[in-house]
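What follows is one chain in structure tokens, specifically the form predicted on its own.
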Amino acid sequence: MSGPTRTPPVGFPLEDEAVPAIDHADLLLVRLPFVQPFSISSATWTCKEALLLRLEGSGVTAWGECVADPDPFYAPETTTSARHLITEFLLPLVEPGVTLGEIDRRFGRVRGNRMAKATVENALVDLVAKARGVPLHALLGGTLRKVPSGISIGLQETPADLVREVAAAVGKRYHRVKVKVKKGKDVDFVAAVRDRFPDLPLMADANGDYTLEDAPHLARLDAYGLTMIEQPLSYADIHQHAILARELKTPLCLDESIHDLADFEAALALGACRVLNLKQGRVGGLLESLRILRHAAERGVPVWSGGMDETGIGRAVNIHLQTVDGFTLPGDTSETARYFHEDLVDPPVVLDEEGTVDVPPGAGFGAVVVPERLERLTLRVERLR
């Protein structure tokens, strides 16, 4: 857990940073097999298929990772739709010498598609940082420190299976455990974990599998001292979560419903959430994340950084972001070996004995893309400019 919250920066001087000239821009589609399938209420994935943007300029190579999946079962955006938006609408708006703030304003002309926007913005911020020779967290206004790590455990077949997975996470000293739930795999599963680990910081994530009619059933989870219940209702809803929040003692956390600062402001005004899962790759990137983080800090709302099974590129960006004041709960920044036998980057994310991870050293997001692995795991490369 972090110390007292201080108001983080709103994006300055990050917004004033000028974009260097870009010599080459490439889109790469990569596929990394998971160590084991990962299941939520709406889908199961056996691999991570990610769209990457590579920018070369000023003698450095920068990267951005799109958090969209190849399918639309978790979010409306996909790797295919993001490729179209990046190629036809977003990259044409990027010109050398234009500030990141101006790029952000230009991207505002494009409705939605925030995962695609974050891909380009992340790559541009990484390019700026590497061109200046500074780590990403320095541009974000963060403080170099170890980052406490939490873990997200996918749906399991039986309560005993879930307890076994949680026990392994506790053995690794994760600071917080999140378990996926859905109808038919919820109360008994949570009860089994709580019985085995009465003091564990524990939360349940439903990924929108319930409706308001399930409120009495969800209220049964109040008995287990959960830190929060995440996104129990529709991925697009705020209003009904506000109604449900009045029926439960356990705080509600919103995830998929929050796409930008305006959504977060609406959710707070309606009382729809008391905790926020901030995923920078979902809200449009780092600038919007800083705005949301500041708003949360001003209102005393707990925030944690969610993960989307990113490769080491996106994972490193999330780690750097968590050095900014305002993150008050451990994020979903599990170590690399939990997800991939082989990642694209070195060094891998590794938990220390205190359940924390190091910020990758070096300029930009820090981790180094290994060419041999990249070539082996790449499905397609497309040069854009």
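Residue indices: 1-based, along the sequence shown. Everything numeric here is computed off the predicted structure, so don't read it as measured data.
Just so it is clear, the following notes concern the form predicted in complex with ligand OSB, a form of the same protein that is not shown.
With a 4.5 Å cutoff on heavy atoms, Lys279 counts as touching ligand OSB in the predicted bound form. Interface membership of Asp186, defined by any non-hydrogen atom within 4.5 Å of ligand OSB in the predicted bound form, is ruled out. Contact annotation for Asp325: none of its heavy atoms lies within 4.5 Å of ligand OSB in the predicted bound form.
Looking at Glu230, you'd find a heavy atom of it within 4.5 angstroms of ligand OSB in the predicted bound form. In summary, among the residues Leu268, Met308, Leu252, Ala131, the only one with a non-hydrogen atom within 4.5 Å of ligand OSB in the predicted bound form is Met308.
Partner contacts here mean any heavy atom within 4.5 Å of ligand OSB in the predicted bound form, and among 271-279, 120-128, 217-225, 141-149 they occur only in 271-279. Contact check at 4.5 Å (heavy atoms) against ligand OSB in the predicted bound form: all three of Asp205, Asp332 and Tyr339 pass. In this stretch, 58-80, the one residue having a heavy atom within 4.5 Å of ligand OSB in the predicted bound form is Tyr74; the partner itself is omitted from this view.
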